[in-house]
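There is one chain below, alone, in structure tokens, taken in the form predicted alone.
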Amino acid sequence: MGGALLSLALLSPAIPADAAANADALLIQRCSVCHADARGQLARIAGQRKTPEGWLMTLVRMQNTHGLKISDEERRALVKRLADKQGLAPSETAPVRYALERRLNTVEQFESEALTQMCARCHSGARVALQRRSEKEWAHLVHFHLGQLPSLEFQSLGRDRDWFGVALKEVVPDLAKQFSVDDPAWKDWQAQTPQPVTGTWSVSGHLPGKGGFIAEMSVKSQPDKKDHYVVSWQGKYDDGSVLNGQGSAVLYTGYEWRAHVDVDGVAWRQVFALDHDALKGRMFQREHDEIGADIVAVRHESGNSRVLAVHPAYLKTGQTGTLTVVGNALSGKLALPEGVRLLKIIEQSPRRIVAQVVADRRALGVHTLSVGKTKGGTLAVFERIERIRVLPEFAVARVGGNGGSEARVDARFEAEAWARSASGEYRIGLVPAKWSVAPFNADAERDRDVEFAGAMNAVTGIFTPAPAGPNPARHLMTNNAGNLAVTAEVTDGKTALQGTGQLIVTVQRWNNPPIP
């Protein structure tokens, strides 16, 4: 059988320079040697569906573990082909997009205790949920884990049970049912009409530690490259600082937008989902994925009237404020909730409305704004802040640098304000705060974690961990790990309110795959 497969590979036509145009032939040439069955079908590959990141991880593993010889261009072409033909539908990725978007401080929760204990103790549960396999392929994955990582049976939560038996008899059937390769959602998605992306996009975003921003993104097709685009950015933060950049993008699976953009000299990645002329997701720095902005965008050429966001998204009663409404095809009158009075329109265009307003107590609560017949964006009106919540409530920072290969990983916090009305508690939004850290418990106080673990920027809420490596000044020369309580103090008039969270400062992230 092996000789026959080798002959098949050797007899395959040579792959021209444009690998993307010949991805099917490339798949046969590079993969059939190991994966073709007796009928010449790529059965192992056909029994799986994955995201672009998932297929990339598979190909890199084939290179590193099994000696696959493949160029970077060929690997990119194969990822595109596999993600397009054997990807995931939007409804399949929606619950766990936080992993694709590198939201690494997400605390996962799954209904399946077997999934939590068997899979999510070593990597994110999202990595499992972002692939679809036949029951046979899920069983193959269990065998792969035990073959490649035999110490699994002796690790925590493994040595007190029949790990292998539980995995095959209980977990595999559960995974095959939850994450089936034959999920109808994929067939339904493949029948959808392709969505256009070229044109100009209105963008609204928020970067923790910096604030909100508004931008326009231009998207142009790359000649002779299907689903490949040239991207440029022009925008400003709410504080007036400039946000410009340019780069390139690829659209996988009809909706998975992936871009590399140089913004003011810094390399960023974009992971967005396309949905009917709208993009939503996260843009983060390539070398520091903890630095990232939430993004929503709408395409001008769609002609669809849409309100994306309101900057800022809150207003205090009795105070004059300036609101910027961002969207597309905005026409008609800006309709404000009862109790919010329009003082003047400063600017109005199909993409932006800037208005000066003032509110009274009748407007307390959260309201959806309207421009003409189009509704969207929310405005919270409050009289006073009732409580402060620290976001994220639990975060991880990592030591690094100091001559080592891994850079430090910051932690970024924000203060979320909440108010109360007659109908109950409601969210105001993200507000400025004064930040500080303290020992989280007695052990942290004894080990002087506040002194050694790093420093908190009192204004931005950005915590920078200390350098990596043993510290002679610490007990037993340990490294600069720590367990800290994070406090945000917000002043509302004469009242000072506090919210708290927890920060673990730990060791370097040596293993950093596309899906954590």
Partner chain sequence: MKKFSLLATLILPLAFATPAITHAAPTPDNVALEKNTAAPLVPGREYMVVANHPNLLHVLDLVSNRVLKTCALPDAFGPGSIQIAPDRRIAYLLNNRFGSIYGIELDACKLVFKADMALQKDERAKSFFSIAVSQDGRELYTVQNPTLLLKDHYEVGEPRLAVYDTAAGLNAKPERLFPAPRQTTIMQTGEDGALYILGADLYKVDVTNGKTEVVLPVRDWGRPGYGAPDVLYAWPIQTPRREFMVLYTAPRFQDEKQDLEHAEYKYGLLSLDLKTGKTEVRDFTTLSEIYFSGIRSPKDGNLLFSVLNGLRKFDIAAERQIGSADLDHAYYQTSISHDGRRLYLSGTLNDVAVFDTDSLKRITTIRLPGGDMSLGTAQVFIR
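Please read these numbers as outputs of a predicted model, since none were measured by experiment. Positions refer to the first chain, counted from 1.
There is also a form predicted in complex with the partner chain; it is not shown, and the following applies to it.
Of the residues Lys373, Lys177, Arg384, Arg159, just one reaches the partner chain in the predicted complex with a heavy atom at 4.5 Å or closer; this is Arg159. Of the candidates Gly240, Gly147, Gly403, Gly424, Gly147 is the one whose heavy atoms come within 4.5 Å of the partner chain in the predicted complex; the others do not.
Heavy atoms within 4.5 Å of the partner chain in the predicted complex are found in exactly one of 33 to 41, 50 to 58, 448 to 456, 485 to 493, that being 33 to 41. With respect to the partner chain in the predicted complex, the three residues His66, Leu104 and Gln155 uniformly fall within 4.5 angstroms at the level of their nearest heavy atom. Of the heavy atoms in Trp163, some are within 4.5 Å of the partner chain in the predicted complex. Though the partner is left out of this view, His123 does reach within 4.5 Å of the partner chain in the predicted complex, counting heavy atoms only. In the predicted complex, Ser151 approaches the partner chain with a heavy atom inside 4.5 Å. A residue is said to contact a partner when one of its heavy atoms sits within 4.5 Å of a partner heavy atom; Asp264 fails this definition for the partner chain in the predicted complex, lying far away.
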